[in-house]
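The structure tokens that follow cover one protein chain in two forms, given apart as structure 1 and structure 2.
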Structure 1
């Protein structure tokens, strides 16, 4: 008999987050092995159009939980809105992104239901006819744990961002989409987010970055890092790099990428002076587009890159910076030209009262 796998979706500025789609893909792998069904829960306000995207990535059923009080996240609000739907669905597993949202509301659900909850998961499976199994990162991602529960135990799993790919969307087949409006009292919420701002590329966590400029040993030192930081600022990208660069003090220790650092999945990864050691390559494998610049045409990263440039980064980066600055100035010039200059209308003598001073 097939079971239900519940996936809790999260949105950011009107779009499904990448970790959400990774959770759907993880649930799809389990479902294909066991013949289970995926039930995605999508809380929010005005998010119903995103249900089709969840279906295209593998959800068999999507429940849109729509309420204006859910426009911004509230742990109390999500718990009140999602708990009844989950009770009715009776899932074998609950999978959600390992995010600040999940660590608040899902932790409360775990305590209320006395349900095991595992964070920082790198893999989730159901083995031997019903035994939930998870692999997770511990000790600052230096150790992997394997956890197994008794057969039939309902458990919650929070999948670490960037640990797997997503795959292309496909036309959905026989997906059931329903919209429910929960009864919520926003005045009873003890927490509320009033507004969210886009992340600052210079401080955003590497696992959340859409564009990353990566630096390796070939950067040469702090001066080269400064050039790459300038390029990253112009691109709206986040600066990261290899462990070698971090060990030399050119990069903060929380900004290096690899199996012992951050595992990333950006839309664009620009690599400068990175040869492509195995532990670093494993950390960028889910990047959509990789562009590598290196003087060594035999470097492993050039072979796996979508676009490889053979050349000296100390010549290429200043050229890129100059071209980007010129493009930005050209784009700003028409806007400035179209702004009308303030004009001062002459004052006629008829407008000035007798005895008053003329301007």
Structure 2
């Protein structure tokens, strides 16, 4: 009989997180080898449409656990919603992203079930006929260890984000999707999240940044930098760049990207006056979308960009700032057309007062 591999999905602002899809892909590799079935659990509120995406990446079965009380994370809530489903699924393994939330609820479940739970996994497998095996990082990823459990041990594995990447969708022939509405009493949740705040682009670490505006030597100096800063503010992006730009003092030393700097993985990388030297490019390979602006049509970065723009950044950036302001105002409410639309709300250090409204 084939075993069940449970994958616990995480969502962020109505989308599956990339680490979740990595977990499905990891489970898929195990399943292909052994003929196991992947059972994805998708807790949340109104998340049912995402089941298709889990299916497309290889889930044989998706259980959507839908409840208003699961709109924001609560470890008590997640346990109440997921424990019964997991119990019934009787999985051989439970795989989930190594995330802040997972380290709360899944860790509590592992204590409750006396189940081994391995964090920071770089690889999960089942060897021979049923020995769970995991490789995990320790000591800031400087040490790796391999762990193997007795045959048939039920274990939980939390996959470190970004370790494996995602291949093309590989849907199974048939996916069974079911939606369950658990009986939950949110007043019994002792821990609750009121709201999730986006990162503050001006202070976020480059490795965490979702959007980066990159500056190279072509930016020419502080005036060019302040224009790029305006652009970054508009887009809710963080400023970074090449080592040369940092060495000139235009950027802080912890803000350059490349083999000797930060390795970044933003959704958007907008490069200005950057040639695309190997040492720099090695740090931006994980970017989802790259736009490069350069006067030199032979620059390597232009060639690898999703959108390569041949032109002078000093002419383009001011125009871009103006046009973006216009485009964003159009999208904002018409009566606010005269004020620039707000950029991403920075993280406030204030606490939500008692009885505050919950969005």
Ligand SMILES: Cc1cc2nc3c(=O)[nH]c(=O)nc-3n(C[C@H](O)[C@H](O)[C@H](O)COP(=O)(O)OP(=O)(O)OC[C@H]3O[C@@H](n4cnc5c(N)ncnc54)[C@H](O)[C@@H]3O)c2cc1C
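Basically, rigid core = biggest C-alpha set you can superpose within 1.5 Å across the two forms. Positions refer to the first chain, counted from 1. Values in this document were obtained by computation on a predicted structure and should not be read as measured data.
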Structure number, where the criterion is the form predicted alone:
1
Where C-alphas switch from fitting one rigid part better to fitting the other between the two structures, the hinge among 129, 183, 198, 143 is 198
Two rigid parts, two forms: what's the rotation of the smaller one against the larger between the two structures, in °?
29
Enter the rigid core superposed C-alpha shift of residue 240 between the two structures, rounded to one decimal in Å.
7.2
Taking the rigid core as fixed, quantify in angstrom how much the C-alpha of residue 173 shifts between the two structures.
2.4
